[in-house]
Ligand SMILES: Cc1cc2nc3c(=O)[nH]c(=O)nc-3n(C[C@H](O)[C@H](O)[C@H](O)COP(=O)(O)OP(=O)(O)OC[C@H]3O[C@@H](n4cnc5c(N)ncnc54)[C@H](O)[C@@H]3O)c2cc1C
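Single chain ahead, written as structure tokens, the form predicted on its own.
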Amino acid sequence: MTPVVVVVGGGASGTLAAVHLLHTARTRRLPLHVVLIDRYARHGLGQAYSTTDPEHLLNAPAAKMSALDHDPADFVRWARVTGCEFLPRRTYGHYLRDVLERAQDDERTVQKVTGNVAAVSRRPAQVRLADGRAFDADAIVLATGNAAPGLRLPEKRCTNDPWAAGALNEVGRGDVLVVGTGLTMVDMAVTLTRTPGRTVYAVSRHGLLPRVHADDPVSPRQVTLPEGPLTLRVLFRAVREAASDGDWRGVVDGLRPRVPELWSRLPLREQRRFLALAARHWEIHRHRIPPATAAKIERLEATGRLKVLSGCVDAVTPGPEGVLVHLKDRDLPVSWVVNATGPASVCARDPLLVRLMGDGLVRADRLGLGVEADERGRVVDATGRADDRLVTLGPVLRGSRYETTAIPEIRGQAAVLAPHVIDEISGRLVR
């Protein structure tokens, strides 16, 4: 019988895992059937690339966005661009779906399933859906992506998932408050300010916006660091010295591929201090926006169409023409509120992973941000044991790798786990 790998999650993480598994199986001359399960029927798109707004651009140039670890120029060739362009995210969604199609031997190689996963078992490996369907597997990939936002707003005149299909269609006329000032807020501001006369307010604790990419490509710069355990003091001093005589973007880009290794060298107390004191500053410099998008945001601020505030939302209550948002120092009347606070810990907000932790199949990482896995992506269970039958990648590894939400990192993880999974399956077939 043809071996089966079930991938739980049909977004970018699941698609990249499926593609690299299929490529590896082909090189090993192993027939493979992949079951790709997505609860929203957005196979290949997920949350990130399901937008239909052409002004929602990728936050990295095309040259860095290949889905194939073994072919860095694949996206550039597919899109027929030079590589410096920041293309629409919906275009990248089309590309991911095409990559998945190209990886198949025939139309039966990948079975796209829509449904909610209710349970996972490891021995025997099986995935069961809420509607009763079950899929036996030789291996299971958990590619559940980001969890829901940690902040939950009241349902009346509030949108907790702005990326849900048609979510912004519910927003009527009038001013809007976006909670959060990161990448999602930027996209929301671009879309929502198309309504004439509308002002978009954006609020976050620090009121910091993502920085902008340079107009021209930047060469990564190396940061010299000592061997062994690190402290934030030593790390920050080295970063400041490296950036003192050049563009900080090159320093950030030079650090990026080293983040998982550097993160593992920080003691737990230092990791917690980073999350409390420095994480937001790293994020706004690491996750930059295209120059064209930055120019739109600057114009919106200059004309008063976008107003960025520092503070926290204490409560949202009904108002005369919408809702009244209670901030620490003021009450803000708006017609609608959009939640763009970013994902919370998957250990608290992902129902499937919460159930799997309760069953002892997975355990939380030591920071409680995601699940624990080894270098090969094998999920660690409650007893500390890892198994090739259950692997993971993507945002669920944030606690152990920190930098694990962007395409370059996820495709690298997919390229690492694929040969181990395929070789393990092949070994079982000959035993």
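Keep in mind it's a predicted model, so treat the numbers as computed, not measured. The first residue of the shown sequence is 1; numbering continues from there.
The discussion below concerns the form predicted together with this ligand, not included here.
K.L.:
Which one, Val371, Ala67, Ile37, Val34, lies within 4.5 Å of this ligand in the predicted bound form by heavy atoms?
P.N.:
Among Val371, Ala67, Ile37, Val34, a heavy atom within 4.5 Å of this ligand in the predicted bound form occurs only for Ile37.
K.L.:
Considering Pro210, Gly254, Gly342, Gly115, which brings a non-hydrogen atom within 4.5 Å of this ligand in the predicted bound form?
P.N.:
Only one listed residue qualifies here, and that residue is Gly115.
K.L.:
So if I measure heavy atom distances to this ligand in the predicted bound form, which of the stretches 327 to 335, 217 to 225, 242 to 250, 141 to 149 falls within 4.5 Å?
P.N.:
Partner-contacting stretch among the options: 141 to 149.
K.L.:
Taking the shortest heavy atom distance, is Val421 within 4.5 Å of this ligand in the predicted bound form?
P.N.:
So Val421 does not count as contacting this ligand.
K.L.:
Closest heavy atom of Val8 to this ligand in the predicted bound form, within 4.5 Å or not?
P.N.:
Judged by the heavy-atom cut-off of 4.5 Å, Val8 is in contact with this ligand in the predicted bound form.
K.L.:
With a 4.5 Å heavy atom cut-off, would you call Ile407 a contact of this ligand in the predicted bound form?
P.N.:
It does: once this ligand is placed as it appears in the predicted bound form, Ile407 has a heavy atom within 4.5 Å of it.
K.L.:
Could you tell me if Trp263 has a non-hydrogen atom within 4.5 Å of this ligand in the predicted bound form?
P.N.:
Heavy-atom contact with this ligand at 4.5 Å: absent for Trp263.
K.L.:
Of 10 to 24, which residues get within 4.5 Å of this ligand in the predicted bound form if you count heavy atoms?
P.N.:
In sequence order, Gly10, Gly11, Ala12, Ser13, Gly14 come within 4.5 Å of the partner.
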